[in-house]
Structures are given as structure tokens and as C-alpha cells.
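Single chain ahead, by itself, as C-alpha cells, in the form predicted on its own.
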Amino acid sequence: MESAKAPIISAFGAHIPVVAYGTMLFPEPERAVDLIVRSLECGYRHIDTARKYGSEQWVGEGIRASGLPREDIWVTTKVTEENAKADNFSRSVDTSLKTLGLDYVDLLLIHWPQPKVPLEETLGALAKARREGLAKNIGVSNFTVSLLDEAVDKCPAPLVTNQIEYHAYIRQDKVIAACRKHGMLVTCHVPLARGEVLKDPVIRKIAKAHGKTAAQVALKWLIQQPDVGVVPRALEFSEIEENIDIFDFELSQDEMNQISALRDKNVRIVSPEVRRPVWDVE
């Protein structure tokens, strides 16, 4: 496959490739590095990981095996809510960098809000990592409108993105509007709803009309929205190639509207009972 070149979305001086390779839940760890290398061969320049995923080591190995210059690859990682206290947060960042084998990450996120620790404390530790050059940029993940407003108010440095669950089967208008109000980007995890949207007849019909797959159309619908990036996971070379081969066609406004109407299904895929906030009701 000829290498694709993902467009860039930008906020507060951060220039982020719009499609990232997601590295959560590798069922066959022995293939992980090969999959990451293949993603880079196919033109991905953004790799998304987290302490909680257990994939940071493989991401680092994949980057080194690719032979690409470090500065050409955007690396995002996250600090889990178990490490929300300032000292634990700093240790988590150090562990991530050691595990990755990197001097810095391009983007560091608070993975989930932690109600048992003052948000101001966690944000202070997040900003400290940026100040010390351990993270070039910072942001949050799974933050609701009220948490986002509080975070922007209390964080001493700009937050560039909120990584949230967003796909064609969930309406996230309120939190997306909050991100835009604060000049932040939206990054979509589970952008294919773990395969749920791939079976949808509306998406499949539009895909057929374009000679594309349902996954490609579902991802295209997301990135045609302003300042939205996607983090699809893929466990086969063919899926890796498919998910980034989305820059040679455009959806019409009517097609965008047809897919947007599917959001009324309001299917939330990721809502772990032990750490979910009170979601904004759309």
C-alpha cells in the first residue's frame, strides 16, 4: 500500500495528525510491534497509548524498529486515574517515558477524571510535566462539560484536546460544543463503536456508493467535522491499511446528515462503572 499522509488538526500550537493508531487491547502481544511498525509504514504518524493499556513498551519498540525519526511521530499517552495524586502522577509519567524509551511524549492526557482527588492537584501535575519538557502538549480524556470547564479554568497551561467516545451511534453535541468554546480539539476513541456501526445499512449503502468500506465511511464522517481526530484500533494489517485510506473521497452534506441522524441511537460503548463520571445527557 502506498503511504497515506494524514491531514493535521491544530490547537494552541499543537499540530496533530488526524488519524492515530490505537493500541488498546492487543490480544496477541507477540504481534504488537509488527502491527505498530505496519501502521507507520502505511503513513500513520500518530500512535495512541496509555499506562492502562500496557502497550507503551511495544509502541517504543515499534517506533525504533520503523527507522523513522522520532520527531516525525506524534506519541500520545495517558496517566490513569489511580495516579491522580501529584506525586503518583509524576511517577507515572516517568514510568511511561522509561517504558516507551522516549525523552518526551507529544501529548499527555488525564485518562479518566478522579473524583477522590482535587482536579486542581492533578492538573498541576499535568502542567508540570509540560513545563519540564516531558510532554510537549497536554489534555484530558473522558471529561464532561462541567469537568472540562473546571479543567480549563484551573489548569495553568492550555489543554489541547478532550479524547472522548464519539462515533455515529452517540450524540456528543454538548461536550463537543464545550471543546470548541475552549478552542480545544476533539479526539474520538472507539470511533467505530467496536464494530457496531459497521453493520448499519445507512453507512453500508453510502460506502457502496463510494467504493469504500463501512469503516472508512464511519471514520470519514468523523474527520469531516471541524477539529475532530480519530483513534481507531486495528488488529490486522488489512484493517490498519483500511483505516487510513480515507483521504481520497468526500461525503456529501446529505450523506453527512444521514449518518448524523444515526446518533439518536445513543449507544455508549465505554462506561466503566468504577470510574465513569455523570455523562452529559444529549
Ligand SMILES: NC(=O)c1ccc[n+]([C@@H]2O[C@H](COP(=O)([O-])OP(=O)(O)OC[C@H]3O[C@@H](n4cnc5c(N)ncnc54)[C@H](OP(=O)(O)O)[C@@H]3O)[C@@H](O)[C@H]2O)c1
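Here the structure is a predicted model, which is why all the values come from computation and not from measurement. The term rigid core refers to the most C-alpha atoms you can superpose between the two forms while keeping them within 1.5 Å. Start at 1 and count along the sequence shown; that's the residue number.
Only in words, not in the display: the form predicted in complex with the named molecule, which the text now covers.
Residue in contact with the named molecule in the model of the complex (any heavy atom within 4.5 Å), chosen from Leu198, Leu134, Ala157, Val117: Leu198.
Only one of Glu30, Asp254, Glu236, Glu250 lies close to the named molecule in the model of the complex, with a heavy atom inside 4.5 Å, and it is Glu236. Note that among 173-181, 94-102, 109-117, 123-131, the stretch whose heavy atoms approach the named molecule to within 4.5 Å in the model of the complex is 109-117.
Residues Ala151, Thr161 and Val228 are none of them found to lie within 4.5 Å of the named molecule in the model of the complex, as judged by heavy atom distances. With a 4.5 Å cutoff on heavy atoms, Ser141 counts as touching the named molecule in the model of the complex. Using a 4.5 angstroms limit between non-hydrogen atoms, Lys212 is distant from the named molecule in the model of the complex. Though the partner is left out of this view, Asp48 does reach within 4.5 Å of the named molecule in the model of the complex, counting heavy atoms only. Interface membership of Asp245, defined by any non-hydrogen atom within 4.5 Å of the named molecule in the model of the complex, is ruled out. Looking at 185-221, the residues that come within 4.5 Å of the named molecule in the model of the complex, counting any heavy atom, are His189, Val190, Pro191, Leu192, Ala193, Arg194, Gly195, Leu198, Ala215. Relative to the superposed core, Pro27 undergoes a Cα shift of 2 Å or more between the shown form and the other one.
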